[in-house]
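Single chain ahead, by itself, as structure tokens, in the form predicted alone.
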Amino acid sequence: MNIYADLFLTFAKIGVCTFGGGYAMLPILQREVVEKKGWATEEELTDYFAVGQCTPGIIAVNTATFIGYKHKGVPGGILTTLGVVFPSLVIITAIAAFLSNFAGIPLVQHALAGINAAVVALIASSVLKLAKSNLKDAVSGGIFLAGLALALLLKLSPVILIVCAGVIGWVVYGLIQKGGEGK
């Protein structure tokens, strides 16, 4: 298959399955982009997701754009962005036409509650996979725990947390590396 068509169709498939926001797409991205296509590593996907979180725009779109750009430059970035957005545009248009007529029906409300619960499970599964592949030492574990505590207790902006974690990682790992050079 043409690589450009493959980029668009892969991200359209991801876009169809992204219920519950950008975080819900993480397990699908891991499977499609890392495991099946090999377009990114687990670490790269984590980096794209982190940068996508702190840049303006929708995290799912930002992450798709980064992956497409890395793989095929500007055309790849454009196609992955269009691919991930296209299904949502079609689905939202269809839902908007009918939802106001059905939103008050208990069956619809219960179905949406079930979908939300499943999305939480998917996100938790992704967090565990990311933790296994990214929390490799005490420093990264400490940064994770500090970031989690600050996010929960102070409700800091994700941008502030990510920038602070990056600076701390840069300083601490830089010091560790310098200490290793002096031996």
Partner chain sequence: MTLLLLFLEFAKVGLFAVGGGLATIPFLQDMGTRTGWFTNADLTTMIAVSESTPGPMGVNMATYVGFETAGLPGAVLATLGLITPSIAVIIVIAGFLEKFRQSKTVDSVFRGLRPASTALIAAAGLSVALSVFVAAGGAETHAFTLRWPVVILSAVIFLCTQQKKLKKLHPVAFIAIAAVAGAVFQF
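Positions refer to the first chain, counted from 1. For clarity, a rigid core is taken as the largest C-alpha set superposing within 1.5 Å between two forms. Being a predicted model, the structure only gives us computed values, none of them experimental.
Here the subject shifts to the form predicted together with the partner chain, a form of this protein not shown in this document.
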Partner proximity in the model of the complex: residue 34 to the partner chain, non-hydrogen atom cutoff 4.5 Å | no
Contact between residue 39 and the partner chain in the model of the complex at 4.5 Å, heavy atoms?
-> no
Please run the contact check for residue 2 against the partner chain in the model of the complex: heavy atoms, 4.5 angstroms, yes or no?
-> no
Find out whether any non-hydrogen atom of residue 9 is located within 4.5 angstroms of the partner chain in the model of the complex, and reply yes or no.
-> no
Relative to the partner chain in the model of the complex, which residues of 28-56 have a heavy atom no more than 4.5 Å away?
-> 28, 31, 32, 36, 43, 46, 47, 49, 50, 51, 53, 54, 55, 56
Rigid core fitted, is the C-alpha displacement of residue 107 between the shown form and the other one 2 Å or more?
-> yes
Superpose on the rigid core, then tell me if the C-alpha of residue 96 is displaced by 2 angstroms or more between the shown form and the other one.
-> yes
